[in-house]
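Single chain ahead, by itself, as structure tokens, in the form predicted on its own.
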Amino acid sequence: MNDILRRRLTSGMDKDVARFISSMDVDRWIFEPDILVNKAHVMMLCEQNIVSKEDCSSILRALDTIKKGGFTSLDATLEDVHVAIESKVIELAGEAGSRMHTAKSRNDEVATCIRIALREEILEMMRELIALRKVLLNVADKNTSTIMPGFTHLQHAQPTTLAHHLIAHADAFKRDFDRIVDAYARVNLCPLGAGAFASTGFPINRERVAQLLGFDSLIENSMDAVSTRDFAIECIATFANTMVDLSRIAEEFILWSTPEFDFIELDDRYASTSSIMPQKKNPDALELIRAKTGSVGGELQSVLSICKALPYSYNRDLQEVTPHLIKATSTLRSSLRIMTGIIDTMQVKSDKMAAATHAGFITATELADTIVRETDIPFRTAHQVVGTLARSGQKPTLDQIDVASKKVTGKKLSELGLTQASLDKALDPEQSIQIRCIRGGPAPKETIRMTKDRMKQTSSDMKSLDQKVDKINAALRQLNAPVREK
């Protein structure tokens, strides 16, 4: 093994130790970012007259060759991808390759690579969250008049619409999107140039490297730059939060697809069957989204535990953060794609949803509100009257209301202004929904407005996302230009 790092040591590393400390099994994730980092660093060294143009060109050509050869072209027995790439550059470029690591440490190199790889994942995650929100809003737009029970404590509570319900989830995912945008602002900062932790005596230009790599700014303090993984903790926490929101809608769809609810049917592409019970159609994809929420939470707890009480600056413990970051990122992205497909293809059984609003006394709250409006008795008194009627679970008649009211207030509500017409309206789920037309309510007029408003938000978010991507791509085109010219 041609290990370029062991000049200080008098013997080769024990094989078990070498396997134990190696990160090559997860470094595939940062292979291309490491190529970019080395290119930007060498170009800056050349511009600063720290390496010659000839050596710079030789190194850039070697890096381009390595990129074309892919990760598998590297020596897998070496400690990490950084050493493997540098060794390959020296093999291809000779003495010039030995200059590539001037004024650079693996500490600032790996921190930069992780941020580049994570930034790409986050940008695609933003795109996937926008797609999920659009699908939710598209289904909502088709179901502004689809009446269904709303639930609290999983009990029938008040009538609502499917649009109202789905917009609630879309709004939660909008907040998840905004949190990821906020996290991106702290991810897209460049640590390169920090060296091992105390920067370097070479006259490097850190701002130029950040610009070539498409970063928005620097992690300025060199000790902070190499030793912090707070950006990873923040991202995984944000991912975990998004997974929780995914698990909530997954759980609802699991319930809604049961014979007991029968509100939706999942497309066959997102279901499985039993090995023994041929009638089964199992919501396995939704169940795994629900389960993987716990896995992402576990990744967060692992990273918090790894980073707890680490002294400044760099410690090898930080190597263990990256696998958890990768797993959390991959899990969320796949869960978002699958949930988008499930919602886009599921069959909504609007007749079953509407029928369920007639089970029990789901309009009890509207009846209490109507009594207050029509008779001017206090709400708590009306609540008591309706509560006594609700024990039967059936919609009451005006005579039954009068009997209950007489016991509670000593008066008949029909004598105080409650009419059969107002009673019929209060007990009608559709009328109960129509009257709730205040901002954010379930009335079709309001859900149509909310759907249009949120569609505009997704368009604005997509435009902002495209601007971020365009900025990075423009920087990388500049970075790759010298290689293409050769």
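Every value quoted in this text rests on a predicted model; they were computed, and no experiment measured them. A residue's number is simply how far along the shown sequence it sits, counting from 1.
Below, we turn to the form predicted together with a further copy of the same chain, even though it does not appear here.
Item to complete: Report whether the minimum heavy atom distance between residue 234 and a further copy of the same chain in the predicted complex is within 4.5 Å.
Response: Looking in the predicted complex, residue contacts with a further copy of the same chain include residue 234, since a heavy atom lies within 4.5 Å.
Fill in: Proximity of residue 160 to a further copy of the same chain in the predicted complex, heavy atoms at 4.5 Å
Yes, residue 160 sits close enough to a further copy of the same chain in the predicted complex that at least one of its heavy atoms falls within 4.5 Å.
Worksheet item: Contact between residue 351 and a further copy of the same chain in the predicted complex at 4.5 Å, heavy atoms?
Response: Outside the cut-off, so no.
Worksheet item: Can you check whether residue 35 is within 4.5 Å of a further copy of the same chain in the predicted complex, heavy atom basis?
Response: Although a further copy of the same chain is absent here, residue 35 would stay clear of it in the predicted complex, with no heavy atoms inside 4.5 Å.
Item to complete: Counting only non-hydrogen atoms, choose the one of 135 to 143, 370 to 378, 69 to 77, 398 to 406 that falls within 4.5 Å of a further copy of the same chain in the predicted complex.
Response: One stretch meets the cut-off, namely 370 to 378.
Worksheet entry | Sole residue of 211, 340, 188, 302 within 4.5 Å of a further copy of the same chain in the predicted complex, by heavy atom | The residue from 211, 340, 188, 302 that makes the contact is 302.
Worksheet item: Since exactly one of 123, 131, 147, 204 fits, which has a heavy atom within 4.5 Å of a further copy of the same chain in the predicted complex?
Response: Spelling it out, the residue with a heavy atom inside the cut-off is 204.
Fill in: Within 155 to 194, the residues that have a heavy atom no more than 4.5 Å from a further copy of the same chain in the predicted complex
Going through 155 to 194 in order - heavy atoms within 4.5 Å of a further copy of the same chain in the predicted complex - the hits are 155, 156, 157, 158, 159, 160, 164, 165, 167, 168, 169, 171, 172, 175, 178, 179, 182, 186, 193.
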